[in-house]
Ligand code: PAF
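Given next, in structure tokens, is a single chain: the form predicted alone.
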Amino acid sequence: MIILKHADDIGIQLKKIKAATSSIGFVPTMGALHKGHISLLQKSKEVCEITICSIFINPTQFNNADDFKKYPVTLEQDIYALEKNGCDILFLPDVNEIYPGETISKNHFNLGYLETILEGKYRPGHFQGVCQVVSRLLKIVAPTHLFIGQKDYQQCMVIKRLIELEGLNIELIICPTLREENGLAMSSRNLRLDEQQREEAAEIYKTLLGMQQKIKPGSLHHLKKEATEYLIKKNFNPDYIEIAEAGNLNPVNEWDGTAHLVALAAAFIGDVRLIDNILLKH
């Protein structure tokens, strides 16, 4: 595995690669890697001839400064995991490489209602920060395929919108959420949970499964209310429990029994905020 820290070095390496290959897969991460990240790497290796991963903790997508400071850093383990699993190139930039001249990009991305609902509502500015870093990374790496995980469902839709806005010829591949044995969605933030919290956090997934099993045509208000109250009883502090159209995230309060739906949840356990989602079927 080649480790590169500068955009110019990536450019030089890509010239060599593109002379010999037609497909480049890209897996952007913020480090603290887990099996979910590795599954994205493995999928890229199945689809593409070359796989590039990046590790960069992006300051512009944290609307809470303490959250940024507490984000786990496990760089040595991350490098070992990527090399062990066949990553071809690791891009490891610093802040000045992504935001040259110590200035944060002021570009505004027209994300419409996607940045005003759910995660956008509770983390104002978050998705603008995501778009800033992903836009910059995609310009540096210039992949043919981009691999991201379904756990960050709304972010997947935001990145899809970004690719459309920038007119990029990149195939977006969204991979299934990987889970711990108890159902907890794998996340870098799980490293901040103690053993008891790790077990308790699985209640979020159990709640979503319950919604999947109980959903039926008609009003969905009671189903969402019941799920929210259940999590509160389990000592969570929910930001939201929502049911939305799977294709566009428009909230759904009355279901006709045919539209494809997704249930989404965000809740604090202690001071750690976790998100999850599940596609609903009837």
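Treat the numbers as computed from the prediction; the structure is a model and nothing was measured. Residues carry their position along the shown sequence, with the first being 1.
Below, we turn to the form predicted in complex with the ligand, even though it does not appear here.
- This chain appears without its partner; in the predicted complex, the one residue of Q197, Q155, T144, Q128 with a heavy atom within 4.5 Å of the ligand is Q155.
- Taking a 4.5 Å heavy atom cutoff to the ligand in the predicted complex, the contact residue among M211, V134, L118, I204 is V134.
- Screening 239-247, 223-231, 45-53, 24-32 for residues having heavy atoms within 4.5 Å of the ligand in the predicted complex returns a single hit, 24-32.
- Within this chain, S39 is remote from the site of the ligand in the predicted complex, having no heavy atom within 4.5 Å.
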